[in-house]
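Just the one chain here, the form predicted on its own, laid out as structure tokens.
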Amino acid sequence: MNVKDALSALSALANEHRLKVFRLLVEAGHEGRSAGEIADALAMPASSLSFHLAHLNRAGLIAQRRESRSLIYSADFARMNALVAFLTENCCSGGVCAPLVKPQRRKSA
């Protein structure tokens, strides 16, 4: 991943709604979710969701496929891993980094 791609991905994720959509799709795994399921899960109007999905798609963070009459969206795990690798490639200046700590889930307010 290059700097331009990383900036595009980070810019797409720097929005509360898009971050929620992306995290929901990560949880859904490779199966993904239909646009309707995403809208229902996040209580988001279809027009707003469409805007956010398009932004994530342009950044290469999600993939879209058609199944019958539904559009199914899924996280692009290769792209997500490439972004994480880009962000951590110089971690601890080549030394051993501290062990990862699993973040605790916070309840949404």
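Every value quoted in this text rests on a predicted model; they were computed, and no experiment measured them. Don't overthink the numbering: it's just position in the shown sequence, from 1.
Just so you know, the form predicted in complex with the DNA exists too; it's not on screen, but the next bit is about it.
K.L.:
Given the DNA in the predicted bound form, answer whether the residues Gly36, Ser68 and Leu71 all have a heavy atom inside 4.5 Å of it.
P.N.:
The answer is yes: all three residues contact the partner (heavy atom, 4.5 Å cut-off).
K.L.:
Given that the DNA is not shown alongside this chain, does Arg18 nevertheless sit within 4.5 Å of it in the predicted bound form, heavy atom to heavy atom?
P.N.:
Heavy-atom contact with the DNA at 4.5 Å: present for Arg18.
K.L.:
May I ask you to check whether Gln64 falls inside a 4.5 Å heavy atom distance of the DNA in the predicted bound form?
P.N.:
Gln64: contacts the DNA in the predicted bound form.
K.L.:
Using the partner position in the predicted bound form, report whether Ala46 sits within 4.5 Å of the DNA, counting heavy atoms only.
P.N.:
Yes, Ala46 lies within 4.5 Å of the DNA in the predicted bound form.
K.L.:
If you check in the predicted bound form, is His55 within 4.5 Å of the DNA, heavy atoms only?
P.N.:
Yes, His55 lies within 4.5 Å of the DNA in the predicted bound form.
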